[in-house]
Structures are given as structure tokens and as C-alpha cells.
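Structure 1 and structure 2 below are two forms of the same protein chain, each written out on its own as C-alpha cells.
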Structure 1
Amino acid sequence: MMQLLCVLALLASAPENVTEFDLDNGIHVISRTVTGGEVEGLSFFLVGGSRVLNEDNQGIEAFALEAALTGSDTYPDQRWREIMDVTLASWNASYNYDYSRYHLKCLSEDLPLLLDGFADCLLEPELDSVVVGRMQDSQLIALQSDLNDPDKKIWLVANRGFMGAGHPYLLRPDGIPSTLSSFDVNDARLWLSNRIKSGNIVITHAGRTSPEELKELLEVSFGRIPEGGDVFPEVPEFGIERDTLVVENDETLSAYVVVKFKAPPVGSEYAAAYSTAMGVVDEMLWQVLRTENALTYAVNGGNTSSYQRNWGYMYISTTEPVLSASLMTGVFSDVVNGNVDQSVVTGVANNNRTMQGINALSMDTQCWMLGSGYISTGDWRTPYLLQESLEDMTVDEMSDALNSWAGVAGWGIIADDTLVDFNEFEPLPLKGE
């Protein structure tokens, strides 16, 4: 039975015209009606992420979903490619610690056909070993390319000290070369049959198709997905107990430094203040390390806000990592101690308001916000309502949040030992203690 729940935008920052409903098999759908354009966005979230992986099958879900999307029994490889040619639709896949996300971008007129094909690929995948093998080689190349890029690799280096041995977020949702290369079509088939269950799935949509039309389309496509789902274990706290440092020697002209530290869950009373604090850290890092000291082209700070467990971070690429790390902790310490002008705090809220407006222009971003908010807190409005809390944020609230949550630090550094003396590095305490 169709149960449409029209959600009123109780607060100004939450968008209007958002409707939530469940398919008959229980799949939860959140749709934002956006009129005016012809572009539709639809995101398929498969909840689980690293929690359903182990050391030997890291990347299996990324492999299985990409393999499935090469064709189905009804839409075999050649036919499916024809549809892609005609519609010029695009798929954008991303795999993170809490869920896999497949996003479809298409014109409104093509949505029915593409939804039918999409669901069919998940339920009745063709899994031609030659086609899947080609896809697998492409995945491996992309993975290898990322591992060759120190700017991307540095984030994983920092994880090693921060997350602690055995933490599920150490398992790579997109795999590692040794696991990714070991999968075959049978692994994909088994994985899909176990994971494609209504209770594991959330669908979000942004576009001009009405909720009623969308529900009709989804019932005949995704409504075929069997009921059931996984029970996910709680994500443990990060294991870091003291300041740590992981150093990797690499032939680079610039060094890369990342430090990670704990952040509150999205629904926490501290979430908005912590996010503001990291926005202020970001501003001050730019001011001190780039404007005043010219140590870098790229420096930033921030926090994750869509995972079961979040973290704050600071990043820099520089030829002077030791001095930079010291200045970074100085900035952090200033923010923790409230040595910041209120105008900087207000500026973070102002910037966020503009970003909300920019985000509203993209169907892709809207789908991501609706889904990640719902998955991490049970309420799609959470990312939108952040702005309400930011408006009147004070320096004291902000520094209190940072002080309460950010303790020990997990540092990661990639540098060339011919340019930098590794003996000079040490895991600096964040608050300058």
C-alpha cells in the first residue's frame, strides 16, 4: 500500500517538496521534486560499506556492482550499451565506509527505461566473464593510479595510526590490488544475491518526476528486489590512544602531511559547533600557512559528517613539513582556546549558507545529501538543518566542541628522505600540550 508522507519544511534551511515513501518490499525512498529542468538524478544506496567486508574481500561490493552494471539477461551487454548511447545517461559509482552509492543522471524522458534496466542488472546480471574481466582491469588501473598519486595516498597513510588495528574503516571499500584482482563472476553473483535485499537499500531522487510517478516506476523495477537485509554491527570507536606518526618515504618534490582526530557523530549535540570549529581552522590555516608564511599552495581543514564514525583533519602539501606541522597545531590550539575573532566564526556560517545554495543546483548533490543524512541519522533533513545551528554560533561554543572531541592525533607524512630528515618528525600533540 502506498504511503506517501509529505514532509513540511519546518525550518527554513530544509528544502520544500521532499516526499518520503516506502515501496511495497520496504525500500525507503526520498524524493525532492525540482521543476524547471529536464535532468533527473537518482541515487541507489546499498548500506553496509566496510562493515560487510573483511581483509580478503575488500572491494568485492565495488567489483560486484560494476560487474552487474555491464548488462542483464533482459538487457545484455550490447543492448545495454545501445541504451547508454541513445540516452547519454551517466552512472557515477562511489564506495565509502558506510555505503556504496550508484548515481544515475539522465533526462526525464529516459528515467523509466533506465530504472528498469538498472534494477534488472542488479537482479538478473549477465556477468559475461570477458566483459567483467575488462571492467575489472579498468578498476585495477584506477586503483593503481590513485596509489601512485601521493596526494590521494596520504589520506590512507594517516589512517594507519588513527583508526587502530582491526577497525573496519581500515578495509578499503574500493579494494586493494591483491583482492580486487582475485574476484571472478561467481564471487560477484554470490555477493549480489546476498546483498541486494530491500532492507539494505535506500533510494533518493531529485528531479521533476513527481513522487507518484516515481513510486509507480520504482515498484515495477526495484519493487522486484527481495525483502530482507543485513544486521550491521556497530562501528567501534577509532583505536588511537596516543599521538602517532606514520611516515612513508617516496620520491616527491613536495611533502604531504595529514593529521586526523576524532569528531562527533552527525546527530550529536556537538556536531554543528565542531563543524564550525573546523571551518574556522580551515580559514586560519589558509591565513597562517599560506597568506602569512607562504609555505604551501594547498592547505585545508575540515571534518567528515556522513559516517557512523567521523573525524576531523588538517592537510598540507609543502616542502617544509616540520615547520608546517608545528604551525598547524598552533592554529588548532588557537581555535581550541577560543583565540579567534567572532567575525571568522560568522564567516563560516555565511560560507555554508552559500554552499547550501550551490548544492541545491545539482541533482547529484541533492541525492547525496538526502541519502547520507538519512543513513547516518535517520533523518534526511540533518545536513540541511546544520545551517540553522551555525547562524548564532559563538566562539565559546565552537572551542568547547573542539576541545571536547579532538584529543590525540594520527599523523601521516609522505616525503622524500633526500629532501627531508625524518628524524626531525615527531607526532605533535594537537593542543600544544
Structure 2
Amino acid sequence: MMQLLCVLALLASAPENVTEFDLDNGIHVISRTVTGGEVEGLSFFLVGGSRVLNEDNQGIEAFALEAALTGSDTYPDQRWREIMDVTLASWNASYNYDYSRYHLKCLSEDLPLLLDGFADCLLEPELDSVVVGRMQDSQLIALQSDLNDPDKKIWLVANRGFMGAGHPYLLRPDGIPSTLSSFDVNDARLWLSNRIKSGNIVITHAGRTSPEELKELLEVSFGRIPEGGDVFPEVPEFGIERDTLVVENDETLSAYVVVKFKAPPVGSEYAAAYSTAMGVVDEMLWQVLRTENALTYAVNGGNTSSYQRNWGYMYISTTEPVLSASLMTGVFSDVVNGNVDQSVVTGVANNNRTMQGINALSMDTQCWMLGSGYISTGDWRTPYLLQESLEDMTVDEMSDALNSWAGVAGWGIIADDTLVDFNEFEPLPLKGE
């Protein structure tokens, strides 16, 4: 009980011990001082994501950053790996539609050395062709594995139906096999030279190092990064004007179905209610499709909430996709029309607040919240304010949010056409006829 009360207290307001400052070269830094521990978290955000890519170079940023982090002239591959072993530091990378992110977790005493090495890798990468080649092979294996898995590929199929031709989110930040296999160390070096500029970078921190100490460390390391930056176009709206269906044939015993639809942007007054509504949809999908009708072993609903443009979704794997899709839209229609007990809505909203609060206790999540909020809206407080607004959520607020945002839908299905008649599967309207 005491732990739960502490979590809820954390959600009461945005934290006060957060400091923002700029390095001399213009890099924006957001630091949250967390006392009582030896672990530091620091995230490096390279802003731009899919907007700086095109059909021919999608995946280049992920390739270039991974190649850079194999070592530098001062910290060559073997020495850099030894430093990782000795310090037990961990690096986690993610590449999404709006930015690339590297997160460092380490002990406070090792932060100066690791920041210096990290910055040196970005500015003076060694880019040994043999080492980079091994890294590239690993990326290709992981990428091809995902594309061979219909349970993962279905999300990309649904994107083609939902996002509309030419949308930047159709470009893959992690690349596609044809582009990823074409890159070499010269491509990586050129990309890093063009993109590692102060105006493209945001750094966030959570740990005991004070803002004054952190600024000194960062001026020595990241203060060497040249000034300048890219001008990013606004992410366009998703372009579909009517319910759409994309089908893909695959020799699989189960059919995989995903439907996507618009969700409010970060900071919208509807964001918390929409997220709650999709949590209710998730619970009801399980009840109707799994418990009552035994149509699946995997079904869920949810929404993205931190991109420049967001979406809701429903997913199922089933041997009866036509019936399942009909039941899915029935569930969605019930939630849109407010046919839900207030107790269910309150329970989902409270569960979301608690889980977000627990997740936010990690240095990794804190750094991500600070950075994603700032990049998306210009204010790091945005994710915390979203948590606050989950309190006292009502059925009417939830219904209004879905009615205001969830319109036409993009459907995707992967199935074996000898088992499923694609002609029977239609792009059903989410809110009924």
C-alpha cells in the first residue's frame, strides 16, 4: 500500500527538480536531479526521424549511429569494448518516426569517461570496415527475421492502408534489406558529418549529478559538436479519405489482422481520454473475442501517444478473420457510443496512472519522458500532465475523444488465400453503418 501511495503521489504533478540549459554550441539539455543512488541515465536524441529519410536511404541513420558506436580514433573498437566491460555500462538504441535515441546507463563515477567516448565516436568514428560489416550483417539478420514473421509484418501492411501514399512514416527508420545492404562506411561518415549538429540534438539526464556538474561534463564532450541543424517539415496528416484494406498472401495457419485509425497528437486535450478509451477497448476485445467466442489466443487494442502524428489500433491473430473483424468493430462501436460501465473506465484510467507511474521510476523512462515531451511539444512537462488528466475520467469524455478522432480506418490482413477468402474480408467502418 505504501508503494502505491508513493507512486500516486509522484503522479500528482510534474517534478520540480528539473533544470533546462543550453550548451555553448546550442544543444538543449534537460536534467532531472535524482538523489540517493549511484546510477545515472542519459539520453541522446537526434531529431528528425523519417522526415530526413527517403526511399533510397531509409535505415541510413540507424546504420550510421550503430557504426559510429563501434569505436573512435581515440577509443578504438577493442578499447571501447573493454571500457564497456569494466564499467558495466549499457547502451540502448531506438529509431522511430520522429527521432533516433541512444540511452546510456552507468555509475556516476564512470559518466565523464563514457560521455567523452560517446561524443568522440560520433565526431571521430573509427569505422573499421570489418567491424562495421559484422554490425551490418547483424542488422540485416534482425531486419529479415522481422519481415519473415507475419505477426510483426502485419503492422507494416496496415500502415500501407492507413497512412496514405508518400507519408514519411511509411519510411522505415531501421531500413529495408535493399537499402541497408547498400550502405558502406563512407555513407555512414557522410551522414554523421551532416546530421551531428547542435540544432538536431536534445540531451536528457536523470541521476545524482547536479546540473552544474553535468554542464561541465557535456561542454567537454558534446560541446565539441558543431553548430547548425536541419529545418524539419511538419509531419502531415494521415492521408486516407475512406476505409481501406491491404491484403498480403502468406503460407500461415493463422490470419493476422490489424486496423489503424487516427489518434490525437501529444498535448491534445483529448489525449488522456483517448488513451483510456483504447484501454477499455483492449479489455473488451479480450472478453468478447477470447473469453466469449474463443476466436484467438492474441488480441489487443491500444494507441501510440508520443509521435507528432498518432494512431489507435486493434489487432488479432485468428483462423476466422471475417467474424473476428466484425466483432472487433462491434466492440469499438460500443465504446464510442458509451455503452460501458463507469467502473470499467475508472479502473482502466487508474491502472494506466499506476503503471505509468511505476514505469516512470526508471532512469531510462524518465529520460525518455523528458525528451519526447520536449521534442513533440516544446515542453518536457507534457507527459506528466497527461498522467494527471487521467484522474476522474468519465464515460462521456472517453466517448467524445473517440468520436472526435477515430474516423476512417486502414485495415491490413496477412493470411493464406487457400484458407481465407480475401473477397469476404471488407474494410469495415469502425462506428458501424
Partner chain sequence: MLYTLILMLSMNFHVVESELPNGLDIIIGEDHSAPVVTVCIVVDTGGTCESPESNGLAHFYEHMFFKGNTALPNQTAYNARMRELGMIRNGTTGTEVVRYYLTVSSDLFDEGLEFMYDAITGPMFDPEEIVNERSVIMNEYERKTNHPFWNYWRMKEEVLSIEKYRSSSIGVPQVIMAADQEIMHEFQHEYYTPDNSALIVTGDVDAEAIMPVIEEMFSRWEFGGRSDYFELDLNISIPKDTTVYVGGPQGMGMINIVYVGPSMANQQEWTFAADVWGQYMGRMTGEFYNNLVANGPFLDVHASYYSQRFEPSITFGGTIDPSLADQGLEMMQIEIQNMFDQGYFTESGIEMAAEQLRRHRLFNEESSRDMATETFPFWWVQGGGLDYYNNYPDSLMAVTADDISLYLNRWIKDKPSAVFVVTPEGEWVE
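Residue numbering: structure 1 sequence, from 1. A quick note: this is a predicted structure, and the numbers were derived from the prediction, not measured. Only the largest set of C-alpha atoms that superpose within 1.5 Å between the two forms is called the rigid core.
> Between the two structures, is it 1 or 2 that corresponds to the form predicted together with the partner chain?
Structure 1.
> Aligned on the rigid core, do the two forms place the Cα of residue 109 2 Å or more apart, comparing between structures 1 and 2?
Yes.
> Take the rigid core as the frame of reference and indicate whether the C-alpha of residue 408 shifts by 2 Å or more between structures 1 and 2.
No, the C-alpha moves less than 2 Å.
> Could you tell me whether the Cα atom of residue 48 shifts by at least 2 Å between structures 1 and 2 after core superposition?
Comparing the forms between structures 1 and 2, which are aligned on their rigid core, residue 48 does not shift its C-alpha by 2 Å or more.
> Core superposed, what is the CA shift for residue 35 between structures 1 and 2, in angstrom?
Its C-alpha shift, to one decimal, is 4.1 Å.
> Core-aligned, what's the Cα displacement of residue 89 between structures 1 and 2 in Å?
The shift comes out to 2.4 Å.
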